[in-house]
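What follows is a single chain, given as structure tokens, in the form predicted on its own.
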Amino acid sequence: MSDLTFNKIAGGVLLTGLVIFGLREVSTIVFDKPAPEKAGYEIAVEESTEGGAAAVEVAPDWGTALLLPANIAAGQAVAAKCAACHKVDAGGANGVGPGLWGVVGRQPGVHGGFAYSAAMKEFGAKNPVWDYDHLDGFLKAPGKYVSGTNMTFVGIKKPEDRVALIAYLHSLGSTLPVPAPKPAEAAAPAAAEGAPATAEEAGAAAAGAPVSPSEAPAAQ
């Protein structure tokens, strides 16, 4: 083999190696992606209180809440969720759901011209008035409160939204009396019955010493 032929073969092998090496580097630059700091996909998860202590809802003070203009205005905004199925015309016209004019205080399952489910008719036979507490429970979870109802709405979870909505519905021709506002909570007693009234008396009681008549609390 001549030197020229050997040089050609060696050059071809070297060129092929350079081409392969170059292609590998280019592929690495184009397709290589940096490894994520954390493996897997980050998924946004809404926190749930299931399994933990459930928040205790305080019963609304209907006597105050129903008459607050701010609640009525807020309830009108919440009622936009109902507009696709319910009408609030004074004539009581029905839509996909029964008309809501005068619903507060009305008997469930009897509004004229609407085909109620058997479950709602049965509920109305047992509960002749849509009072404030029944409406609150139903609006929170219709399918649970009246099992078998045709109303598929998931419910209004926020208590303040339900109170506002009921305040608005009450303003739509309701004649159901408004309860008296709840009295303010009484102040906590200053001391339990029989407890020493002063620090000196407490110390004397702890030591077993009698309290002098002049320092003893007056009989109740």
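This structure is a prediction, so every number in the text was calculated from the model and none was measured. Numbers for residues come from their place in the sequence shown, where the first is 1.
There is another form of this protein, the form predicted together with a small molecule, and it is not shown here; the text below is about that form.
In the predicted bound form, every residue of the candidate spot (Gly109, Leu165 and Leu169) has a heavy atom lying within 4.5 Å of the small molecule.
When you look in the predicted bound form, the only residue of Gly143, Gly97, Gly105, Gly137 with a non-hydrogen atom within 4.5 Å of the small molecule is Gly97. Though the partner is left out of this view, Ile72 does not reach within 4.5 Å of the small molecule in the predicted bound form, counting heavy atoms only. Among residues of the shown chain, Thr152 is one whose heavy atoms approach the small molecule to within 4.5 Å in the predicted bound form. In the predicted bound form, at least one heavy atom of Ile156 sits within 4.5 Å of the small molecule.
Though the partner is left out of this view, Ser117 does reach within 4.5 Å of the small molecule in the predicted bound form, counting heavy atoms only.
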